[in-house]
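Just one chain is shown here, as structure tokens, and it is the form predicted on its own.
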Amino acid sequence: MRPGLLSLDPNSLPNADLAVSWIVRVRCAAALSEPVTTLAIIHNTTGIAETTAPNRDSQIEVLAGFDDYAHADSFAAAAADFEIESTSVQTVSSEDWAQTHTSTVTFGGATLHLEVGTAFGHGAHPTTALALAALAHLRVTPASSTLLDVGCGTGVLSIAAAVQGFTATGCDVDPEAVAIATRNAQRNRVAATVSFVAASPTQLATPQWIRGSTGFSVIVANTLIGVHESEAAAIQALASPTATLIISGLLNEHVSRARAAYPSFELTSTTTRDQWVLLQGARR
């Protein structure tokens, strides 16, 4: 067992009926926050928060949530390769994690207040920052006023879109993320124009829905390449004939795969930050 890593016995949990997450707490230099966050995503984190390390202005704590101990332990082991001050794994009730770990995001002239909990989307990761920047350049028109946020997590992109004037729908396969996103919409006073549903794009793209709708005028999908590839057909079916598609969550080596996954869109606009890429374009 690595120094500072707690050994967890499932039988020692305080209440077997209580939903429990494993939180990996990594204290590191502020410059390492993005690499550590990226590493957490690769190891299947279910939520990330960042706080200033106590009494250490030049350091931060990255707190990454996991649904099971194996992923938490794997991430902690990989994080040890960085020059970090300490790493520890602890159990925490999902309720406490959701209530105590929050984030703020500046979008345009607004400050968005987010409960992070076990949902991804604290706003600071390059994939989210790229998507927020792309949204900031969109304008609502009578022909372009509805937006779908795929893999909504905390709902940060849906909420930002609502601030822009869009009527937004966020979808996520994690019901807890949908609950957190719903609370975030209420917290940011946009609940009247934002809704969230626990479903994948494939589940949404039913024949009944498609026949009764003109499609979303903007779709933003900030998710991993495997999800892009598995859900691309449904995402394209959910898009209007003149839709704009924004896809993020891509590493440099994923760009060609992402373009191939969305053949009905001409993804010509490319924006990068570190090793992350955002693609944007319109229907062919």
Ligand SMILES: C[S@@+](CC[C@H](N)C(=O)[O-])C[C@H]1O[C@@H](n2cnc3c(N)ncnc32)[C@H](O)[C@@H]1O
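Residue positions are given as counts along the sequence shown, with the first one as 1. This structure is a prediction, so every number in the text was calculated from the model and none was measured.
The following text describes the form predicted in complex with the ligand, which does not appear among the structures shown.
> Just one of 139-147, 104-112, 195-203, 68-76 has residues with a heavy atom within 4.5 Å of the ligand in the predicted complex, so point it out.
Selected range: 195-203.
> What is the one choice in 191, 173, 80, 133 with a heavy atom within 4.5 Å of the ligand in the predicted complex?
By the 4.5 Å criterion, the partner-contacting residue is 173.
> Of 223, 33, 244, 236, which residue is found within 4.5 angstroms of the ligand in the predicted complex when only non-hydrogen atoms are counted?
It is 223 that has a heavy atom within 4.5 Å of the partner.
> Closest heavy atom of residue 160 to the ligand in the predicted complex, within 4.5 Å or not?
Although the ligand is absent here, residue 160 would stay clear of it in the predicted complex, with no heavy atoms inside 4.5 Å.
> Indicate whether the ligand has at least one heavy atom within 4.5 Å of a heavy atom of residue 128 in the predicted complex.
So residue 128 counts as contacting the ligand.
> With the partner left out of view, is residue 258 within 4.5 angstroms of the ligand in the predicted complex by any non-hydrogen atom?
Residue-level check for residue 258: no, no contact with the ligand.
> Hey, in the predicted complex, is residue 180 touching the ligand, heavy atoms inside 4.5 Å?
So residue 180 does not count as contacting the ligand.
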